[in-house]
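Given next, in structure tokens, is a single chain: the form predicted alone.
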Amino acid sequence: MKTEKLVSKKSNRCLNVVANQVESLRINNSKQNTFRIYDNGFIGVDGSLGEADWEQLEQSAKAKLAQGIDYPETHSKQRVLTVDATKHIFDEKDFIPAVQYLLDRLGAENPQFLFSNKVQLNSSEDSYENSDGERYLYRGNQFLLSLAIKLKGSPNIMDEGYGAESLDFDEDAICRDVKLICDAFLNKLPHVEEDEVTVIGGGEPLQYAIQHLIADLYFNNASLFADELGQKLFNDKLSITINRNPAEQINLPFFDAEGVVNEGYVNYLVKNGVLERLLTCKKSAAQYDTPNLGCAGAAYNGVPNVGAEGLDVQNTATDLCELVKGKAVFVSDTGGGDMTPSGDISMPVMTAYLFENGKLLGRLPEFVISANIFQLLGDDFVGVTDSGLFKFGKQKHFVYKAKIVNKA
């Protein structure tokens, strides 16, 4: 028999922004508690909100063993680890004045636009302990900026957006980034004539590949990459990890929902183009006799399952200009998309800009990106960097070559 206790505390201060003005402040403090018990190959789980009655949760979880939910009982060595990654961002009294001053400045520097949506100051405390003697505690926080940008007189709810998360607040960097976008948005350019272009995006094509790297799909012959585990499938420069390193991630616990702590906080899904592992939780790893990636997720009152928090693509360059020589297309907003069973991707692009020499030159008409996932992550993969275009926060650029189809 094995038992686990998990507690997640969140404190969120959220400013609602409307037309360049802080309209309201919402403060939300929450606490989620989870008790799990494993016995004879089954799991029982119960959870609660607010203060926990652990004796009651334990009895309820034991009773749920009778539901017969299969789950392996794994054991580990005793280990205790605490990481406090919190940084001072604002004194609480300064949060609203600082954000309002930022909005005033954004409005003055970009008079043709209105700025709305949310600005958040969040903190968290997550703990995990089990009957084997493992005890983990993580504390973190973040400044989260999510601005909807609307051209004055536009019939749209929003025309552009700017978002970033950070462990600090840099007004000058934010204003520089937003003005870069707004100036480029106002300069309308004609279609790009080339059939194939270099694309700078946020890793949107990866979503199509990742869903095919879930262990359940892979071992049931429902994956594009079936029978390719351990094989080189992608570009030598492509490495995809579950990275929960507190020194590199923002407000993310170093352990997953099952208390798994990877060596060095990192585990490879793809390493130098080779498919090393699959997305798993402890159950699917045991079921298919494959290594556990350490990426489980779970609702506070639910059974653990496969997650992808901490999914990261390793940088291949220190600056965007190292990856992009000449002109490229910077994708700001996509409108869905799909992938065929053979890996062909069609991804409509709603907002994009012409990029050259580290600058956005102007806004392009709508078009569709057309690519094959094997080619896009293979020979057409250029690289990844989190430095170059924007100066504030953590914003990664995923660069690849693809064909584009211009809309009439």
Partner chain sequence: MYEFKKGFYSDVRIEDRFSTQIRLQNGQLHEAKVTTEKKAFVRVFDGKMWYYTSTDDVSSVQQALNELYAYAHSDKNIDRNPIVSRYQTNKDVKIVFAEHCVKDVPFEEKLKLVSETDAKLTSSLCNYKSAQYLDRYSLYEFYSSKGADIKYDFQTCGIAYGLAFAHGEDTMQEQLSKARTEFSQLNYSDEELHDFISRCEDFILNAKPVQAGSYPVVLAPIVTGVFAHESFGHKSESDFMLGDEAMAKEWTLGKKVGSDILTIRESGVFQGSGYVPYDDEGTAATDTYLIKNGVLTGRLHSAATAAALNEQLTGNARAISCDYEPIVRMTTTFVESGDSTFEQLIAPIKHGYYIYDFKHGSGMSTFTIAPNLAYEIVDGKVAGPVKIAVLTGNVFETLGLIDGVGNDRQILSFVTGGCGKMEQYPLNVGLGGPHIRVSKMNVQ
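In this text, all values refer to a predicted model and were calculated from it rather than measured experimentally. Residue numbers count along the first chain shown, from 1.
Below, we refer to the form predicted together with its partner chain, which is not included among the displayed structures.
Contact here is defined as any heavy atom lying within 4.5 Å of its partner chain in the predicted complex, and by that definition not a single one of 57, 173 and 319 is a contact residue. When its partner chain is considered in the predicted complex, only one residue from 264, 133, 335, 111 comes within 4.5 Å through any heavy atom, namely 335. The contact residue chosen from 222, 186, 189, 81 relative to its partner chain in the predicted complex is 222, the criterion being a non-hydrogen atom within 4.5 angstroms.
At a distance threshold of 4.5 angstroms between non-hydrogen atoms, residue 105 is out of contact with its partner chain in the predicted complex. Put simply, residue 231 is far from its partner chain in the predicted complex: not one heavy atom of it is within 4.5 Å. At a distance threshold of 4.5 angstroms between non-hydrogen atoms, residue 368 is in contact with its partner chain in the predicted complex. At the 4.5 Å threshold, heavy atoms of residue 198 stay clear of its partner chain in the predicted complex, well away from it. Per the 4.5 Å heavy atom criterion, its partner chain in the predicted complex is contacted by stretch 303 to 311, the sole one of 81 to 89, 248 to 256, 233 to 241, 303 to 311.
Residues 150, 151, 152, 153, 154, 155, 156, 157, 158 are the members of 149 to 169 with a non-hydrogen atom no more than 4.5 angstroms from its partner chain in the predicted complex.
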